[in-house]
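In structure tokens, the next block holds one chain alone, the form predicted alone.
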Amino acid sequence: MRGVIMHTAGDVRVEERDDPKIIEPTDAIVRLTATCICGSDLWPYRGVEPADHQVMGHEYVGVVEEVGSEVRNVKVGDFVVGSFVISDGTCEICRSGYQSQCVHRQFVSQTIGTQAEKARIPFADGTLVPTPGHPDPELIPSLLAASDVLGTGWFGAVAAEAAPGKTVAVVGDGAVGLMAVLAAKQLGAERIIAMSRHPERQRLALEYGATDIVEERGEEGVAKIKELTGGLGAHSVVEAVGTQESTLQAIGATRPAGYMGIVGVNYEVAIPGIQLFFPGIHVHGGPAPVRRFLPDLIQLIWERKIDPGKVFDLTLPLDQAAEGYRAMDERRAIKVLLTV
């Protein structure tokens, strides 16, 4: 099969890889229908994470081709959406709703790589969710978004306690940030402030439910949030970038005793504890337990109540994955869908 390999930073190639095979009785083989490039894939692309002939990709939808003898919840022929973290679904941590912290977790990006034509999915029953039927083609981008960015943005909003009557601020206008805006709207937030400098991303944020756009960053951005919220800051803030600047901006934008959801993958971010301690800010986040939310998100998409697929603004064939990486790295695209 063909699959994306990152030889080293900036060097992405589509090469022949071995077809996946059933190894454990809990495995499933999925022929992928669509996959995509994530903002977190840019960390190794830019050299922040090491990359040495690394398989790439962790978002995926497709049709089950084969299942192991112990798989019960999915069957051959099912169209499935999978989480970006492998989880058994049965351990104590999974049962508490944090499948991304499963005792048997594997990150799909590190061990499987779904920017490819097929994938072996371990613990299929705990990781994959079948859709009610085979989707219409126009639903596939939205179902693909549910595999990571929609679920991650949703978790960010949940972690930040977005709810009716609340003001939610979202730091970051990438795919996850835009999905956090969508989630905050669905969760009933009264006011949603999207921090963005890019007209196309602003337009999509407004379409997804943002009531205000703040273009300022850093201390100026914090000051603007406070100006909009009577000097207090937002009840709920989603940090969806992962840089030092964005994290401090998110902390500053959160009102005393407010809630901050951290879902941006962060590197070398140092948080002065005093900035959390005296304001009494609640902080929650990490790798999103997407599997917890998948059944409900799939149903919302299936009933056409939400359309997260609009976050894909560039579609390319798998063979042109390198161009997709360049487009996202240069911010010419919010998120790139790869057809398989």
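Note that the structure is predicted; figures quoted are calculated from it, not measured. Residue indices: 1-based, along the sequence shown.
Below, we refer to the form predicted in complex with a further copy of the same chain, which is not included among the displayed structures.
Annotated contact segment (heavy atom within 4.5 Å of a further copy of the same chain in the predicted complex): 265-273, selected among 131-139, 214-222, 265-273, 69-77. When contacts are judged by a 4.5 Å heavy atom cut-off, Q106 does not count as touching a further copy of the same chain in the predicted complex. Heavy atoms of G188 never reach within 4.5 Å of a further copy of the same chain in the predicted complex, leaving it off the interface.
None of the heavy atoms of P199 is located within 4.5 Å of a further copy of the same chain in the predicted complex. By the criterion of a heavy atom within 4.5 Å, K118 is excluded from the residues contacting a further copy of the same chain in the predicted complex. Shown here without its partner, the chain carries G10, A34 and G39, none of which come within 4.5 Å of a further copy of the same chain in the predicted complex through any heavy atom. Only one of L300, A51, I281, V55 comes within 4.5 Å of a further copy of the same chain in the predicted complex through a heavy atom, and that residue is I281.
Residues E92, I93, Y98, Q101, V103, R105 of 72-105 are found to place at least one heavy atom within 4.5 Å of a further copy of the same chain in the predicted complex.
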